[in-house]
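Heads up, the chain shows up twice below as structure tokens, two forms, tagged structure 1 and structure 2.
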Structure 1
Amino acid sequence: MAKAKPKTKTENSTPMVKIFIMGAAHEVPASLTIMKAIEYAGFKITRGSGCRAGFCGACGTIYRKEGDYRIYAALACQTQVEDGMVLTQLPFVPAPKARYNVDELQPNASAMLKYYPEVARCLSCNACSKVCPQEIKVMDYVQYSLQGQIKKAADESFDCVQCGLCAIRCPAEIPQYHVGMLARRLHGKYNLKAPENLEHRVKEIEDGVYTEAFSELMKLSKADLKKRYTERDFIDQKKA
């Protein structure tokens, strides 16, 4: 079977770079993201791709560059390719989440150590923060969890997309993203103000305030639905 001739610089005006996917070299356009470049090279990504918008954490990528011993990490959908990148995708990181019931816990160090005692092994090496594609200070939030400073742990870990790259690099074998999740859950439940508007709306729904309106909408034809949509206004009917 004849291999497709790779597009070279002279054939095309698009600047190309050489990247290595699973050890094999591919020429790809330099402007593509890693994810698009993998697809350009002919692969279909069935795992390790989700929102394609930097939010779901499915496309964790570890890579090195030719001639450079350092390890780099990125989200494939958000990062542009570079010449000499040697890639591997990490669609899944093995780190079973502990089973707990937040109703039975308090926002303190005991809760964290009960379910993630390995947090006491943290060496403060900072490998986790260095690998985080969201530039979170991961080591700091693990330390805050060990110290029982749940609010600080929750605030610091807020941008986490659960890609798992920190857990893979950790010499103390801590699943940092699960620790951050527990901290945020405890913080949200016990420290933050209850979302009154949300609770009010949920009660309204349960009391059936909107059931009639929804049933009506569900019965409309496509044409009528479209008409309603284009003619909608935002004036509060009750106040008008």
Structure 2
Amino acid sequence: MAKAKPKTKTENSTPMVKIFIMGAAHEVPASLTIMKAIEYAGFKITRGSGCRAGFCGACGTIYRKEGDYRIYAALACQTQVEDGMVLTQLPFVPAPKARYNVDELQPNASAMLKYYPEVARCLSCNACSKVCPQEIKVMDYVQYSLQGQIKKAADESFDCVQCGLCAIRCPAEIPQYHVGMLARRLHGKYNLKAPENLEHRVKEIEDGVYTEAFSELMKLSKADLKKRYTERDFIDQKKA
């Protein structure tokens, strides 16, 4: 985060709260999310910010509350500030990520245990599920992975945004979000049948059918791209 010019405080009826950013106290409106409060305090967020709507998982945050020894984890774009909140931003969660070739694996428990043996240490404490901003049953898909129920693990982890908050809270040090990604890759590779229209389109791309059109788009200015996008023809999916 870079420190920008502080905003001038204006008088209004919105209650103010005191929060701590980078160890310094700031007064911000109580109605703001953590992310907006950081910007209100004069900081320019250069990392750890994406969609600002809870879908990208880039704004992982840990914080403490005044008089509370516990450490909390949340997404900064979803969580409202509280008086006495002490904030720490997390540009990323440094959980170990295995390297593998999905073409050399099979959708079973052996693949999971080989690359993520930590799943066998799961304590079933459910801390990962409780902290998940998407309300995913994280512990369940970890258990499904351990049991070799790859389809269930893939389905249960489908909405994961890779924010990593589950790994922060895990006493068994399991990188749950990486486990879910492997389950989805295995399921997509071996259990799902590729749609015919997808295979057809991929072949067209490989054969260079769209090369000329892509080259034309790459040469357009931003304004021309916006104009082309807004004036594009919509395909009636029911008739297609």
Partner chain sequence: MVQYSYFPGCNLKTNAKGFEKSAVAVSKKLNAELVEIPNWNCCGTVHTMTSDNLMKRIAPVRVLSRSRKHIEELEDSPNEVATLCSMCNSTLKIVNKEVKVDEDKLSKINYQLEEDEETYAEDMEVKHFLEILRDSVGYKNIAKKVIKELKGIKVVPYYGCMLLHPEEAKIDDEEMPSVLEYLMESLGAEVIFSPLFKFCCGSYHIVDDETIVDSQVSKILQDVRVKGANAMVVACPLCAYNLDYQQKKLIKQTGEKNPIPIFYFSQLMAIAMGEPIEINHFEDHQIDPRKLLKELKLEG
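Between two forms, the rigid core is defined as the largest C-alpha subset superposing within 1.5 Å. All values reported here derive from a predicted model rather than from experimental measurement. All residue numbers here follow the sequence of structure 1, with the first residue given the number 1.
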query: Either 1 or 2, the form predicted together with the partner chain; finding: 1
query: Rigid-core frame, C-alpha of Thr211, shift of 2 angstroms or more between structures 1 and 2; finding: yes
query: Gln106: Cα shift of 2 Å or greater between structures 1 and 2 (core-aligned); finding: no
query: C-alpha of Ala127 moved at least 2 Å between structures 1 and 2 on rigid core; finding: no
query: Core-aligned Cα shift of Lys227 between structures 1 and 2, given in Å; finding: 9.3
query: Shift in Å of the Ile34 Cα between structures 1 and 2 [rigid core superposition]; finding: 2.8
